[in-house]
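Before any questions on how it binds or moves, here is one chain, the form predicted alone, in structure tokens.
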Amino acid sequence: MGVMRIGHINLRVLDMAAALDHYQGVLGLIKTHEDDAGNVYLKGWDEWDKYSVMLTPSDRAGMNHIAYKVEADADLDVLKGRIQDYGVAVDDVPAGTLTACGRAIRFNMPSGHEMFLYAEKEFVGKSVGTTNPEPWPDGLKGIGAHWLDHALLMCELNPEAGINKVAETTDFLMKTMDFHLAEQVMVGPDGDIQAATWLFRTSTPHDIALVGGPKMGLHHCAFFLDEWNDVLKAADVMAKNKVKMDVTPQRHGITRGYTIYFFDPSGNRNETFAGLGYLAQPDMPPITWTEDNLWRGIFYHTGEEAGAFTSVYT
């Protein structure tokens, strides 16, 4: 019962043609639909629902909303009650409001980010099918990303003013939707300020992450690759296409994943994330990183701060 996985992310883009060159030609996503408002919908080759990325034309970059898929339609009513009991207002959303989706619920998390929960989305199938499938499809473009893996959201953190939206939103996700805490960063003189969290509903280290900053926003959305060699090839693809890379191939201490951070033409940060990292399970004790090892946790190889990695986001 409850939330299964990330369903899709709705990104704002400044130039749709340039965005499609990036998300199709570099990331290798597949366009499945375009609506009358100019929104474009894409999916990874190993995804079966109609889309996981929705691109919306805009005059500013960033995220409009994030959506998670629940197991059954009846779960929406249960979760609506739990969210309302927590003190967060919830709207019922008729079928079709989210393109190709059934009814949904909509609310703003304590961080301010808009989230939808839904149970039904139009099925289109994997590119390799489900009968005697090959391990990958022919004709993949660019990186050939498998699926949308997770998103990291920036939440307002100002301990001097008593504001910690990371801790508030983490508590909200755990108590209302049964997310589990995989890892956390604790900072401050007494090490008691929860400055970042990685939470999961599946068996991977994170299906959503929250990091503190001066204001709310989107830090990145991540796309899954198999392993380290795929990450190295992805860097080559990005270099060939003159993609602006934020962080070249690295390993995370937190989550243990292999990573590259880079930007779409609008300035939205993307990530390629490879490797399972570890098996996340509800009874796994949370991993804690202390402030003195923060950058070793983020970039394990160097342990050094990387430019404006935590201060530049949309």
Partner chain sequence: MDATGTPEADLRFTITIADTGETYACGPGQSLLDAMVALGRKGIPSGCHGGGCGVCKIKVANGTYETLTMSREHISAEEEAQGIVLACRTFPRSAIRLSVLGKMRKAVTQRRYGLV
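These numbers come from a predicted model, not from an experiment. Positions refer to the first chain, counted from 1.
The discussion below concerns the form predicted in complex with the partner chain, not included here.
task = Evaluate G212 for contact with the partner chain in the predicted bound form, applying a 4.5 angstroms cut-off between non-hydrogen atoms, and reply yes or no.
result = G212 belongs to the contact set for the partner chain.
inquiry  = Within 4.5 Å, heavy atoms only: does F263 come near the partner chain in the predicted bound form?
reply    = Close contact exists here: in the predicted bound form, F263 approaches the partner chain to within 4.5 Å, heavy atoms only.
request  = Using the partner position in the predicted bound form, report whether I193 sits within 4.5 Å of the partner chain, counting heavy atoms only.
outcome  = Close contact exists here: in the predicted bound form, I193 approaches the partner chain to within 4.5 Å, heavy atoms only.
query = Is L42 close enough to the partner chain in the predicted bound form to count, meaning some heavy atom within 4.5 Å?
reply = Contact check for L42: no, nothing within 4.5 Å of the partner chain in the predicted bound form.
Contact at V3, V90 and C101 by the partner chain in the predicted bound form, all three, heavy atom at most 4.5 Å = No: no residue has a heavy atom within 4.5 Å of the partner.
query = What is the one choice in A235, V124, V128, V187 with a heavy atom within 4.5 Å of the partner chain in the predicted bound form?
reply = If I apply the 4.5 Å criterion carefully, the residue I get is V187.
task = Considering the partner chain in the predicted bound form, find the one stretch among 131 to 139, 156 to 164, 116 to 124, 226 to 234 with heavy atoms no farther than 4.5 Å from it.
result = Careful reading of the contacts points to 156 to 164.
task = Could you list which residues of 43 to 65 come within 4.5 Å of the partner chain in the predicted bound form, counting heavy atoms only?
result = Read in sequence order, the residues that approach the partner chain (within 4.5 Å, in the predicted bound form) are D59, R60, A61.
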